[in-house]
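Below, in structure tokens: the form predicted alone, a single chain.
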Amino acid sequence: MDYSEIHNTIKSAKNILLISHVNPDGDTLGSMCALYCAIEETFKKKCDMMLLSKVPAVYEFLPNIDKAKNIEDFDKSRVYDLAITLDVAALDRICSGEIFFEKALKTINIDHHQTTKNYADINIIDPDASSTGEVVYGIMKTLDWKMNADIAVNLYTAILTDTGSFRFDNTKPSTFEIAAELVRAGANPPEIYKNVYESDSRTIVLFQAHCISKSKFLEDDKIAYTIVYKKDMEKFNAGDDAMEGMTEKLRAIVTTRIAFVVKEMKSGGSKVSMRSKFADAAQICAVFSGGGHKFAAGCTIKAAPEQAAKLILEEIKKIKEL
């Protein structure tokens, strides 16, 4: 793939905005911070990094994450020369940040979701990549941009989290080869793993145990789901980061073929996170204008949690192989 247009666009831009998606995960944050470091290292330029939600505590170790600012801290009248989204499958995933993206003189979309649309001036989308972090690595490698330890830590974290510690089906031989290059560049696998997977607070552990204990199982335990209400989050004083990994825990049950978690949103409606072992989760979520990957997807439904769960179950039960 020819990335020269990206290089020239970044080189000519006087001010650049990097945007992560709402409810950020390791891929969007790691990719954003890696690109921030890469642009600083290669072009000697500073970027602004935009957050639409609070950074989960487990990702506070990422190099330069402290330089990212919440959207409330941005001047809404500002027009950037260049705005770049990372791991953003659709513009509604950047919420009110969309105004900054649309006003920018030039836009770039870097992603790996199979459902991503070409909404930017330059779209770099690789559905075969394990993560957006892997796409950013490919750009850097192809353009011979400088690599350093901070970039390596960010990209390794992006790849580690989106492959589920190299467990998911998006893990390929090339994924390990890239990870090895990042380790050679300064990423420390044990340290990163500990930060991401062994740093949960007591609140998160108890909150998830509570929610999972209310799970329902259907079709001979092939379907597993739970509903997380606002009152649950208030009871445990849990933030959005407390939802991380809950759907994976349900999918990990040996009998489960498809799992989902429905979260009641403060603003109304329900957010659905789905994980599958066989069915195309992205297709199911696409019915509700969502998307993602074949075995990991999500959507937002304008309905109460119980109704949202019912609608999702109706779509799942249409699958003949269940």
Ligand code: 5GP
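Keep in mind the model is a prediction, meaning the values are calculated, not measured. Quick note: we count residues from 1 along the sequence shown, nothing fancier.
Heads up, the form predicted in complex with ligand 5GP isn't pictured, but that's what we're talking about next.
Asker: Go through 57 to 65, 249 to 257, 286 to 294, 30 to 38 and give me the stretch that gets within 4.5 Å of ligand 5GP in the predicted bound form, heavy atoms only.
Answerer: Stretch 286 to 294 is the one.
Asker: State the residue from I10, C299, L17, I312 whose non-hydrogen atoms include one within 4.5 Å of ligand 5GP in the predicted bound form.
Answerer: When ligand 5GP is considered in the predicted bound form, the option within 4.5 Å is C299.
Asker: Does the 4.5 Å heavy atom contact test between R275 and ligand 5GP in the predicted bound form come out positive?
Answerer: Yes - in the predicted bound form, heavy atoms of R275 and ligand 5GP come within 4.5 Å of each other.
Asker: Is A89 one of the residues lying within 4.5 Å of ligand 5GP in the predicted bound form, judged by heavy atom distances?
Answerer: Yes.
Asker: Do any residues of 91 to 117 have a non-hydrogen atom within 4.5 angstroms of ligand 5GP in the predicted bound form? If so, which ones, in sequence order?
Answerer: If the 4.5 Å heavy-atom criterion is applied to ligand 5GP in the predicted bound form, 91 to 117 yields R93, H113.
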